[in-house]
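One chain comes next, on its own, written out as structure tokens in the form predicted alone.
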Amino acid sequence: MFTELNSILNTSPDSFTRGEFILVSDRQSDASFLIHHFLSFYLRARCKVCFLGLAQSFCHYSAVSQRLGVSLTQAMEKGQLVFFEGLKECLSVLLPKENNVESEAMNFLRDPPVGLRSLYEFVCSSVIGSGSMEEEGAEQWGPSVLLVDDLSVLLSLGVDVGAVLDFSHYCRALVCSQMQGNMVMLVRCNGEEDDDDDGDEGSEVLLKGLTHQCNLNLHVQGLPTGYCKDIHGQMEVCWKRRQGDAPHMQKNLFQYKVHDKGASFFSRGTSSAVL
């Protein structure tokens, strides 16, 4: 968990806004460090977390979380964390072995027309179950949280961008609106912002659609001036709020540097490397 980012967003594990859809996006950069931040943040906040890890293995997320002072293994054993290991589940469908149970959540790999309904049903069972009455003596958890890293993987697996947007819409309606929990999703765009490359058209449409749905967008990209050893990139923070009947958008730009056990954020041009 990055305390400087908490200060920027005016939040903490003890006090955070419920019902928010937070979109993490990147372009020719890597915003995955923000997913690790939100994972540790909501676990420290004692939320019940459903994490769709589509991009990396459980061992990867566990190792990074350990450096941030959070044990995913313990969270799973206590029932606080439901982890869906997408890479492993894909293999169970694409390379089935005898006596192995195929993942129903990834059945779109075998039967594309079914779409992401089974994956959504997995999310439902994970977060709705957390909202039911706990067994007597069991630990009580806070609001449900859904994290997805990263949604762009579904496009790579052949899912139509419209189906991915529908999936995010239904997840938002369930988690944020119905259950007053929070949702964090990562999406990646590899091309330039004004690039007309058809190969990246799906991710651009996905990014625009999710940007329209979200309440807060953290967009990470490289420095316009190129590589710098002491500044790894910049992050645009875009809040969507309502003032009266009209929507209001507020944007701020920060630069950042990722460390082994965290990240530093600072206003543009104020890093010690440029002063």
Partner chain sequence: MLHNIDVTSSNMAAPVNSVGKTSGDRFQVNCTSFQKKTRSKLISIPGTRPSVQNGQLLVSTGVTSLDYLLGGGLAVGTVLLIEEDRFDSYSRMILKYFLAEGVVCRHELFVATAQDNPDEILQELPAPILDDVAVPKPVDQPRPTGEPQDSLDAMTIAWRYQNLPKVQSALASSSRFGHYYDVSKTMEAEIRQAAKCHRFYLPDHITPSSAAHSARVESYSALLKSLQEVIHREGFDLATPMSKSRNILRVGLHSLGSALWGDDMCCHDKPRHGHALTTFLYGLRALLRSSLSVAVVTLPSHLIQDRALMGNITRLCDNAIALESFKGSERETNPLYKDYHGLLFVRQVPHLNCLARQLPDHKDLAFKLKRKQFTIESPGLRSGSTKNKLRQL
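These numbers were taken from a predicted model, which means no experiment stands behind them. Residue numbers count along the first chain shown, from 1. C-alpha atoms forming the largest set that superposes within 1.5 Å between two forms make up the rigid core.
The discussion below concerns the form predicted together with its partner chain, not included here.
**Student:** Only one of L155, L174, L116, L165 comes within 4.5 Å of its partner chain in the predicted complex by heavy atoms, so just point that one out.
**Tutor:** Looking at L155, L174, L116, L165 one by one, just L155 meets the 4.5 Å heavy-atom criterion.
**Student:** Name the residue from S125, N190, Q180, N107 that puts a heavy atom within 4.5 Å of its partner chain in the predicted complex.
**Tutor:** Among S125, N190, Q180, N107, a heavy atom within 4.5 Å of its partner chain in the predicted complex occurs only for N190.
**Student:** Looking at its partner chain in the predicted complex, do all three of C59, L68 and Y227 come within 4.5 Å of it through at least one heavy atom?
**Tutor:** Verified in the predicted complex; spot residues all in contact, yes.
**Student:** Would H219 count as touching its partner chain in the predicted complex under a 4.5 Å heavy atom rule?
**Tutor:** H219: no, not in contact with its partner chain in the predicted complex.
**Student:** Hey, in the predicted complex, does K251 get a heavy atom within 4.5 angstroms of its partner chain?
**Tutor:** Close contact is absent here: in the predicted complex, K251 is far from its partner chain, nothing within 4.5 Å, heavy atoms only.
**Student:** Would A63 show up as a contact with its partner chain in the predicted complex if we use heavy atoms at 4.5 Å?
**Tutor:** Although its partner chain is absent here, A63 would touch it in the predicted complex, with heavy atoms inside 4.5 Å.
**Student:** Please determine whether L9 contacts its partner chain in the predicted complex, using a 4.5 Å cut-off between heavy atoms.
**Tutor:** No, no contact at 4.5 Å.
**Student:** In the predicted complex, which of the stretches 140 to 148, 181 to 189, 166 to 174, 116 to 124 has residues with heavy atoms within 4.5 Å of its partner chain?
**Tutor:** Result for this chain: 181 to 189.
**Student:** If you apply a 4.5 angstroms heavy atom cut-off, which residues in 15 to 39 are near its partner chain in the predicted complex?
**Tutor:** The stretch 15 to 39, when checked against its partner chain in the predicted complex, contributes D30, S32, F33, H36 at the 4.5 Å heavy-atom cut-off.
**Student:** Once you overlay the rigid core, does the Cα of E77 travel 2 Å or further between this form and the one not shown?
**Tutor:** Where the cores coincide, E77 shows only a C-alpha shift between this form and the one not shown that is less than 2 Å.
**Student:** For P112, is the CA shift between this form and the one not shown at least 2 Å following rigid-core superposition?
**Tutor:** Superposed on the core, P112 moves its C-alpha 2 Å or more between this form and the one not shown.
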